[in-house]
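Below you will find one chain, with nothing else, as C-alpha cells; this is the form predicted alone, and questions on how it binds or moves follow later.
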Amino acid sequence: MPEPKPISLSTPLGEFRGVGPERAELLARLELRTVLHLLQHRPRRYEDRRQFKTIAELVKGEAATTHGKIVAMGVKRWKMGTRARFEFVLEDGTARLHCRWWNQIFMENYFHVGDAVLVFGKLIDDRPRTMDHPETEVLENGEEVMIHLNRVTPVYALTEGLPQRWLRGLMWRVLAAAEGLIVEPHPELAKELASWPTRAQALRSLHFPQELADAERARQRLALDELIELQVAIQRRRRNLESHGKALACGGDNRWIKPFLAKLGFTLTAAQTRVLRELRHDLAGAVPMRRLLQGDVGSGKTVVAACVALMALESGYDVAIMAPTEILAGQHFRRFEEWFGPLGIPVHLHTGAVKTAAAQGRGGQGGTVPASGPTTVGANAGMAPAAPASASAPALFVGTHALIEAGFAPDRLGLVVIDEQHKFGVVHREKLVRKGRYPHLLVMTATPIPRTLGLTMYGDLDISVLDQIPAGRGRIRTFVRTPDRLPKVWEFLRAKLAEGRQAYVVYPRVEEADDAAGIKAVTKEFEKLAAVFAPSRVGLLHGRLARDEQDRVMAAFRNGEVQVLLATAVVEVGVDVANATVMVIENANQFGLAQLHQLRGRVGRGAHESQCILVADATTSGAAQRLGILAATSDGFRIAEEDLKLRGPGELLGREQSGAPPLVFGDLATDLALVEQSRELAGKLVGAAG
C-alpha cells in the first residue's frame, strides 16, 4: 500500500501503508488520529543506542539499556494456576540476564528463542542478574535498522498491542512525508526567532535528534509556539476589555474607610497600605480593574478586601464577595457584619442553604420572604436579622457559588471579590462579573502563585502581593513525625489543651476505603480520639455533614466549647480561631505541599506560638523531601514553586480550574524564560494587529 499522496496535516493515519483498521484503532486510544496528532506525540524519553552496557556491566539499582539473544524462555505457574510468571533469559557473551513478568503470560506470544532483544530496566538482583517488567524491543535486521539502532532513539508512550518499533517506524515515514507541510505559525516573527530552529527542524529533532541536547532545544521551540498562542489569547482578552469596558467610578470618598480603620484596633502593614493605593488607583481609572491579590496565609487579605469594598460602597455601588465554601462564606459574613454594621452598611449572606430575605428582595428573584420580615436561616441562625435596605442603598453580598445563579441580581454591581481564586474556575469568575456592567474585579488567593502560572493562568490580571505578616502573630513551628510517634504527639497535644489552647486534627478521608490501606478516615478516628482527649470535648467536621451540623460544630469550636476539631481538608481555607495553636495532620503525604501550607495556616492566628505536626510514613525519599520542605520553610512562594514541580499546574490548581492551559510541549514548572519571551512576542503580534 503506497503512502497517500498528496497528504495534509489532517490526513488520517489509517491511509498510510501498514496502518490497517486494527492499528488505527490502537493509535486512536492514544488520541493519535491524524498526521498532526502523530507529529505532536512527544517521546517520553530517549535512549542513546550508540553505546550500550553489556549485561556484565549492569549495576544493581541503576536503570540501563542492554541487548542480547534469548537463549531460554517459558511460563511458570503455581497456587493451582492462579499465579504465573513469564521469563526469558538473555545472553550477550558476557553474562546472562533474567527478565520476568508477573501474571502477564500473554508476553510469551511476543518473543521466540533466538530473538535479538533490546532491554531497558533496573537490575533488582545480581545473583542471578534479574530485571522485573523491563521495557523491551525485538531487534530486526533490514533497511530500517538505522531508525532504531546506532542513534539517539525516541521511546514513545504506547498502548497494549502497539509495538514500540512499529510506532517509531511510522513516525519516521510520516515525518518524511509531511516535512514540507510544516510552516511557521507566525512568519512575522522571523527576525525575533532567527536563533531558534524552524518548526520543521524542531519536529525532526524532537523525534530523531542527533544529540540529546537537540531534543530539548526542539521541545523549547515547540513550547514557545504554543505559549505565544496562549499569550496572544490572554492579551487580546485584555485589549478587548480596555477597548469596550467603561470603568465605574468606585474610588470612594473615605467617609466609611476612615472610621473603619480607626476602630480596627491595629495598624495596617506597609504592604497592605501599598496594595490599597494600587487598588484605589484602579477603581478610579478609566478601565475596569482586573487584579489578582496574592498574600500568604495570615497576611491580612480580608482587611484589604474590606477596604476596597468600602471604596465601592462609598461610591454608591453594590459589592459581591464569593468564597469557595459555606463555612468560609459564613465566617466572612459574620466578620463583615461586625465591621460594617456600625457604619450602617447592609451585609447579606447568599449561599445554597442560606439567603437573607433582604438579599432576595434586592435581587428580585429567589425564595420566599418570611411573613415575619427579614430573617436568616441555617448557618445564619441565631444571628441578628439583616436590616431591610432601601432600593438605592448600596449593600455587600457575601456568598458561595450561589452568587453565580440566576437568583442573584444586584441593582448596581460595582465590585466583585473572589476569595481563594484557585478553588474556582475561570468560567465561575466570568459568570459573576457578567452580573453587572463591567464591574471591577479583585481575585484573591492565599496560595502563592509561581511566576509561570501568574503570567499564564492570570496573565490578563494585574498582580499585587502582600509580602508582610501583621505584627503580633505567633511563630509556627513545623515537625515531621512517623506514626509510631503518635502517642508522644497526643501527649503533647493534651498538655496544650491543659494550658487552655485548642487544636485541629486533620485526616485525608471521610470514611475508610477498601483500596486505601493505611490511609485513615476522620469518622473512624473520632471515637478513638474522643477517648484519648477526654475530658476535653472533640468535634467532628467534614463535607458530608448536614449544613446546620457543620455550622453548629464550627460555632462550638469558635466559642471554645469544643477543644479538638477532627476534620478533613474542609478547614483548609478561611477558618480563623486565634486560640487554636496545634495542627496535627495524619497521612500528611496524601496532601499536596500547597494544601499542607494552607492547613498549617489555620494555626498561628493569635499571639501564641503554634505547632504543626505532620504525621506520615515517609518511607520514600520523595515523600521525605516534600515534607522536609514544609518543615524547613514558611515561605509560601517557595512551597508553591516546589509543589508546581512535583504535581504540575493541573493538579496544583485543581480540576475545577478550567483555565489551565493544555500544553503539549511547554512545562510551567520549568519554562519561566519561555513564558516571559512568549509574552513579549505576543505583545508585538497583538500590537501590530491594532
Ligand code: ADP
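A residue's number is simply how far along the shown sequence it sits, counting from 1. Predicted, not measured: the structure shown is a model, and the values here were computed from it.
This next part talks about the form predicted together with ligand ADP, which is not shown.
The chain is drawn here without ligand ADP; in the predicted bound form, the stretch among 243-251, 295-303, 97-105, 217-225 whose residues come within 4.5 Å of it by any heavy atom is 295-303. None of Arg605, Arg558, Arg280, Arg85 but one reaches within 4.5 angstroms of ligand ADP in the predicted bound form through a heavy atom, and that residue is Arg605. Taking Asp467, Asp115, Asp576, Asp411 one by one, only a single residue has any non-hydrogen atom within 4.5 Å of ligand ADP in the predicted bound form, and it is Asp576.
In the predicted bound form, ligand ADP sits within 4.5 Å of a heavy atom of Arg473.
Looking at Phe266, you'd find a heavy atom of it within 4.5 angstroms of ligand ADP in the predicted bound form.
Taking the partner from the other structure, ligand ADP in the predicted bound form has no heavy atom within 4.5 Å of any heavy atom of Gln235. The closest heavy atom approach of Gln272 to ligand ADP in the predicted bound form falls within 4.5 Å.
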